[in-house]
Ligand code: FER
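One chain comes next, on its own, written as structure tokens: the form predicted on its own.
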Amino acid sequence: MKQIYLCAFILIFSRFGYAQDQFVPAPQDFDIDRGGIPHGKIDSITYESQTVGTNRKALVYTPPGFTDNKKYPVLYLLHGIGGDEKEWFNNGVPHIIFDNLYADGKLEPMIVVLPNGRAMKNDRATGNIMAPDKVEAFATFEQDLLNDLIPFIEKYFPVIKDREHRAIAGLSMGGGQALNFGLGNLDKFAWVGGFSSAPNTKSPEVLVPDPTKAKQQLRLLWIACGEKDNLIRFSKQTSDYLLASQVPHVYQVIPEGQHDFKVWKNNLYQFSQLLFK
């Protein structure tokens, strides 16, 4: 019932280009591994990155009942500045959240790719993670994603290869990446989500220089942040600009929310249910 209410609420507000900050928390056990339900599968893949000049790793989640005889939409889910391709898996348990949603009939079958958004030869989150070359590598990942990772996924997995069936979302530094890359490449992504987006997020005028085009091409733009998160100003200024430009989007402020996985898991739970519908 909560999901139906949320979808209806978004639809009404999106039609007029407004944002909403209604927070509908996930059920208490949404991220707890259930017994007796079908489970998806997590695999580690290695792809050649011409952008970086080395082989790079990512995780891929395929849903329960996955078959090569069907084509699936894809969500690219990005981590934060201190993480790597395993950060979501280890701390955000997307595989468990998705398995539970599939068991409840609330999710469209999709492949989820968990890449390493630090596009450099030594892409581990070690040493000074704020070093200029490591920060720059998060911007470089745009080319790695578009030119190397997406083509690899589309070659080796049964996916639908158009923007209507491709989504991007992320947390913190990955939230900034998702907004930058998603809104900067509307010919590639129709579904975009920024969770507690970090200072790497481009200014709203750069993100959405043509509001009319964005309104025509976006299927969902989701912006969310915890109320107590020091980075909330980046999400708010983006939402304020979109609101003034009448670009349909969801702006959600999580009451008492901090910069942590409690917020991000709730974001993923809600955002994912709206994808590809």
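Numbers for residues come from their place in the sequence shown, where the first is 1. Here the structure is a predicted model, which is why all the values come from computation and not from measurement.
We do not show the form predicted in complex with the ligand, though everything after this point is about it.
The partner is absent here, but in the predicted complex a heavy atom of Leu231, alone among Leu231, Leu59, Ala26, Ala214, sits within 4.5 Å of the ligand. Of the residues given (Ala198, Ala190, Leu149, Val93), Ala198 alone sits with a heavy atom within 4.5 Å of the ligand in the predicted complex.
Taking the partner from the other structure, the ligand in the predicted complex has a heavy atom within 4.5 Å of a heavy atom of Met173. Though the partner is left out of this view, Ile160 does not reach within 4.5 Å of the ligand in the predicted complex, counting heavy atoms only.
The closest heavy atom approach of Met130 to the ligand in the predicted complex falls within 4.5 Å. Under a 4.5 angstroms non-hydrogen atom cutoff, the ligand in the predicted complex has Val135 among its neighbouring residues. Partner contacts here mean any heavy atom within 4.5 Å of the ligand in the predicted complex, and among 178-186, 101-109, 198-206, 161-169 they occur only in 198-206. Applying a 4.5 Å heavy atom cutoff to the ligand in the predicted complex picks out His259 as the lone residue from 248-269.
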